[in-house]
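Have a look below at one chain only, the form predicted alone, in structure tokens format.
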Amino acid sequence: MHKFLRQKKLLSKKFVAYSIVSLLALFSFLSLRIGYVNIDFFSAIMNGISGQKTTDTIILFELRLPRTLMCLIVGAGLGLAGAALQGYLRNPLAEPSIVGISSSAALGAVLCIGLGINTISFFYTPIFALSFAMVACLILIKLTQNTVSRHSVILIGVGISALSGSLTTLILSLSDNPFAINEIVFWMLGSVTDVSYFHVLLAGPMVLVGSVFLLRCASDLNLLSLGEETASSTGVNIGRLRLNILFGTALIVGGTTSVTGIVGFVGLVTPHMVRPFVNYEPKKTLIWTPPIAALLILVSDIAIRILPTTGEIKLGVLTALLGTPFFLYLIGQQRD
């Protein structure tokens, strides 16, 4: 009987995994097919393989494919970062955009643009974004080490976010370069429009390395859920865990924000979608959240393209519209 139940559980896990992969493949296909211009999809693929540069081929391979890849990277990375922060801080309200990490990364990118440093080399923008995201992570972790109240943790994060937002607005108001102002507004709204393979290759490795740091914390986060003293007594190195969370989150948020700007609430919503199906286990939440988050971003980006609006809604605006009510609901459910 026990063997039968174990096999049934294994089959159930495989079914869920195959279902998620199938959905990712389906919506990736739809992301490549759907757009403002109708293209002959299969003809574009064949022309691309044969090396012919037609309009349809350019639209498919130069515009839609990198955009789809960026959706997957941004979704998976931010979902993982949100799950890791919630597990480490033991706070279901924690998320990079809420606790000020995303806005700090955007501040770094905006400062780089405002000072004109990005004109020297594009690589300075992600360096600035990564550095500011890391500082925000460090401040958040240090200030919340001895904090018990869940609401206090969020208030500290909101304070960091408010400071970063104020400094970003200051830079915006002092800038007299219209091109710089347009770029700054872009970082504040968040978008995957007009991304190229260069952007994918820029953000992808940072998200990948950051994900390795965070996934290494999966087992330790399980033990940390029992309390810091219990985790330490079982061999968990809290200092090393903190550094892994710090570097992993900073790399992911810095990498994605430097390319797409602020895309918020992805890391808040998706871990809560996953937890009921993994018995609220932090390790499994960390593993299953990235594909669900990637799927959410893909669906959101497709919705942006088919909504009957005169101009394209920014991805960060749509995720905020979807995530803010959920955030308010979670606050209403919390009890100190």
Partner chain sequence: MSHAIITSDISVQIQGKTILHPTSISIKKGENVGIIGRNGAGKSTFMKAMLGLIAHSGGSNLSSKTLSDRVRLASWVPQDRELVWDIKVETLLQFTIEKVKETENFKAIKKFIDTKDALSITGTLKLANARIKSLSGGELTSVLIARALVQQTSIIFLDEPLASLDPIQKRTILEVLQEMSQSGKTIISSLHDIELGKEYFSKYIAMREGSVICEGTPLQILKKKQFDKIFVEKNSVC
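Every value quoted in this text rests on a predicted model; they were computed, and no experiment measured them. Positions refer to the first chain, counted from 1.
The protein also exists as the form predicted in complex with its partner chain; that form is not presented, and the subsequent description refers to it.
Exactly one listed residue, out of 225, 131, 175, 196, brings a non-hydrogen atom to within 4.5 Å of its partner chain in the predicted complex: 225. In terms of contact with its partner chain in the predicted complex, the residue from 119, 230, 166, 182 that brings a heavy atom within 4.5 Å is 230.
Shown alone here, residue 275 lies within 4.5 Å of its partner chain in the predicted complex, counting heavy atoms only.
A residue is said to contact a partner when one of its heavy atoms sits within 4.5 Å of a partner heavy atom; residue 92 meets this definition for its partner chain in the predicted complex. In the predicted complex, its partner chain lies within 4.5 Å of some heavy atom of residue 279. Although the partner is absent here, residue 111 lies well away from its partner chain in the predicted complex, with no heavy atom inside 4.5 Å. Of the candidate stretches 84-92, 69-77, 260-268, 243-251, only 84-92 has residues whose heavy atoms lie within 4.5 Å of its partner chain in the predicted complex.
Annotation for 232-253: interface residues with its partner chain in the predicted complex are 232, 233, 234, 235, 236, 237 [heavy atom within 4.5 Å].
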